[in-house]
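In the form predicted on its own, a lone chain appears below as C-alpha cells.
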C-alpha cells in the first residue's frame, strides 16, 4: 500500500512520488513511515534516509538537519542537505577529513578553528553514512 512522499532540500525537490515505506533518522531515533501512519513531526539527525519505492527499488540518501512531517496526505521531509549515498566516495572523504584535521591544527583564530571543526564533523557524518 503506497503513500505520497516528498523530500525537499534547499536547492531542489529531491524526490516526489508514491512509496511503500520510508525510514527516517529522527532525533529520537529512526522510525519507519508506512501508509496510514499516525500524524507526527520530528527533527532530523544526520543519517541515512531509506526510500522503499517497491520491494525491488530502494534508495538511500544522507540527510542532515531539517524535519519530517507525517500528515493525512503523506510524508514530507525538509532537509538542510540530501545526498545520494551512491554520489559519495570514501577515498575522497578520507582525504577531505585529513585536510580538515590539518586545518584545525593550523587554525590561526578560534573562529577559524570552529569553522574547520564543523567541516570535519560534517565529513565524519558523511563517512559514517557510507559504512551503513
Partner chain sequence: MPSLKDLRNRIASVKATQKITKAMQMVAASKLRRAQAAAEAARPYAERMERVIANVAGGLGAGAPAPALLRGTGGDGTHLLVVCTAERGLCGAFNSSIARLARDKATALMAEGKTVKFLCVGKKGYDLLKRQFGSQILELIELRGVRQLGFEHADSIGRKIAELFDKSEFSVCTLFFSRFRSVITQIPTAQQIVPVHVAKGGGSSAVYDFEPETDELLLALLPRNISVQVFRALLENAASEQGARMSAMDNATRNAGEMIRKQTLKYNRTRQAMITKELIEIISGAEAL
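Please read all numbers here as calculations on a predicted model, not as lab measurements. Positions refer to the first chain, counted from 1.
This protein has a second form, the form predicted together with the partner chain, left out of what is shown; the following refers to that one.
- By the 4.5 Å heavy atom rule, the three marked residues 27, 73 and 79 all count as contacting the partner chain in the model of the complex.
- In the model of the complex, no heavy atom of residue 47 sits within 4.5 Å of the partner chain.
- Although the partner is absent here, residue 118 sits close enough that one of its heavy atoms falls within 4.5 Å of the partner chain in the model of the complex.
- Not displayed here, the partner chain is approached by residue 69 to within 4.5 Å at the level of heavy atoms in the model of the complex.
- When contacts are judged by a 4.5 Å heavy atom cut-off, residue 83 does not count as touching the partner chain in the model of the complex.
- The stretch from 83-91, 48-56, 96-104, 27-35 that comes within 4.5 Å of the partner chain in the model of the complex, counting heavy atoms only, is 27-35.
- Shown here without the partner chain, the chain has 6, 8, 9, 10, 11, 12, 13, 27, 28, 31 in 1-37 lying with a heavy atom within 4.5 Å of that partner in the model of the complex.
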